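As a starting point, one isolated chain is supplied in structure tokens, in the form predicted alone.
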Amino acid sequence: MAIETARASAVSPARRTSKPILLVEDDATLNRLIIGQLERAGFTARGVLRAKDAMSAVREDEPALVLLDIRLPDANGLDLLAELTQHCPVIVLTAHGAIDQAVRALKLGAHDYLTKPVRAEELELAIDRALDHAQLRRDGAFLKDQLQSLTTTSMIGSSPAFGEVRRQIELFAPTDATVLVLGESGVGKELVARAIHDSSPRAGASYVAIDCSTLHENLFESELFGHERGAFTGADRRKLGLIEVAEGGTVFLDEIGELSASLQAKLLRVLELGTFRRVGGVSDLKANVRFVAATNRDLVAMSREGRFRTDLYYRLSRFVLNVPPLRERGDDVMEIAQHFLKTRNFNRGIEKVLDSSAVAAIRAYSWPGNVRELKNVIERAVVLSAQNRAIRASEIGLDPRKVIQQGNAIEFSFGYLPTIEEVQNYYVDTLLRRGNFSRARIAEVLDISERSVYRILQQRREAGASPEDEPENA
């Protein structure tokens, strides 16, 4: 049996994989001929003669596809299918008299079968089809994500502060370096990460995101790196991690400051060596992705305190992009509010508008929750306004004295000029809402006597404040 010679074909998109094709064929002469044809066609290929060698090669090389002869000296090729198809597509090679076995192979999960002697054009076409099909399956999550992205918020804003963000995205996107996106909660860090991906040479590949704060450590490791069959209880089959799903694309690590010490070490290894291992795996796999990370934590301070690896911080922060809070973006707040008003209009036939009181309330507010809070406020106001076209300040429902709290710091924001008594009372209210301030502690913070605190609390009672808010010793 021999393989027919053919002209070297052009390399199709399916052949851009860096993984080899594995040929399992016990006829040594035919094995060499097919390997030669595959290499001339632009593939990387490896040939083995026996079933036991095939399983070793699969574990070592992570092939993109297996060409499998049914009749092997040490096993029936069909007995290998269940295991092989968990790793990659399989094309069965069969003799003329074994068509019934080929049909059985298809039922067992083989992608296709070829009758020997194999024609070169037929072989290349079958391989291209199988690789394309495998790529489509890997891209399933990506296509779903693309569809979802069509409905997500665009990057809106024309302020100088946000213009600087756009400028940096344009600078950083063409590179392949890691970008660290910093900013308060709700400022739109994931939108920035997505914009970096969409503006990069990797835009045509997958973009996947993982929240480092929501998954248990073991689950996070499995999600990012994948796992082998039997790696832990319930791991009944191999699972590809997000690094493999996003091959050629971008992995976005949100809330990177929440990673445990052990995961920080494993992520550092990926960034330094460009390789990773699945949970339960023994082979190093290449990480062909770009990483973008984001956090609202102070990683420099965490590094000084030993809670975040300094070497990992330096790897992540090759480029740092700071996203400004909404309160520093001027008129962007109204642009974004109008955008949400158009896209969140649940009452068909009614074109909602913000009246002057609503506009004043939005402008006066400090937006500690940033864009995320603004989105929620507009959605709620659209519902509360019912059939009315104009949305009023009462439906916006904002307190112009909104407090911004970060750690031990407190910042007041009034939409008017408050009296000293109003500032004092609101300060006390804020401390009480924190829940762990006794009367003595409040007196210490305000640098006044406990008797003065008692008098303030008494005034609150007379004004109708709820006694539930007061400290136990009040």
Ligand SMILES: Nc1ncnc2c1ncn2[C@@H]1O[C@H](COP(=O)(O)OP(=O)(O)OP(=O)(O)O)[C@@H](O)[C@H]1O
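It should be emphasised that the depicted structure is a prediction, and the values quoted were computed from it without experimental measurement. Residue indices: 1-based, along the sequence shown.
The same protein also has a form predicted in complex with the ligand, omitted here; what follows describes it.
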{"query": "4.5 Å heavy atom contact, residue 371 to the ligand in the predicted complex", "finding": "yes"}
{"query": "Residue 187: touches the ligand in the predicted complex, heavy atom cutoff 4.5 angstroms", "finding": "yes"}
{"query": "4.5 Å heavy atom contact, residue 246 and the ligand in the predicted complex", "finding": "no"}
{"query": "Partner contact for residue 122 in the predicted complex: the ligand, 4.5 angstroms, heavy atom", "finding": "no"}
{"query": "Three-residue site 43, 130 and 134 fully in contact with the ligand in the predicted complex at 4.5 Å by heavy atom", "finding": "no"}
{"query": "Which of 212-220, 260-268, 69-77, 371-379 lines the interface with the ligand in the predicted complex (heavy atom within 4.5 Å)", "finding": "371-379"}
{"query": "Selected contact from 336, 92, 196, 293, since only one has a non-hydrogen atom within 4.5 angstroms of the ligand in the predicted complex", "finding": "336"}
{"query": "In the predicted complex, the one of 340, 276, 172, 367 near the ligand [non-hydrogen atom within 4.5 angstroms]", "finding": "340"}
{"query": "Residues in 20-47 with any heavy atom within 4.5 Å of the ligand in the predicted complex", "finding": "none"}
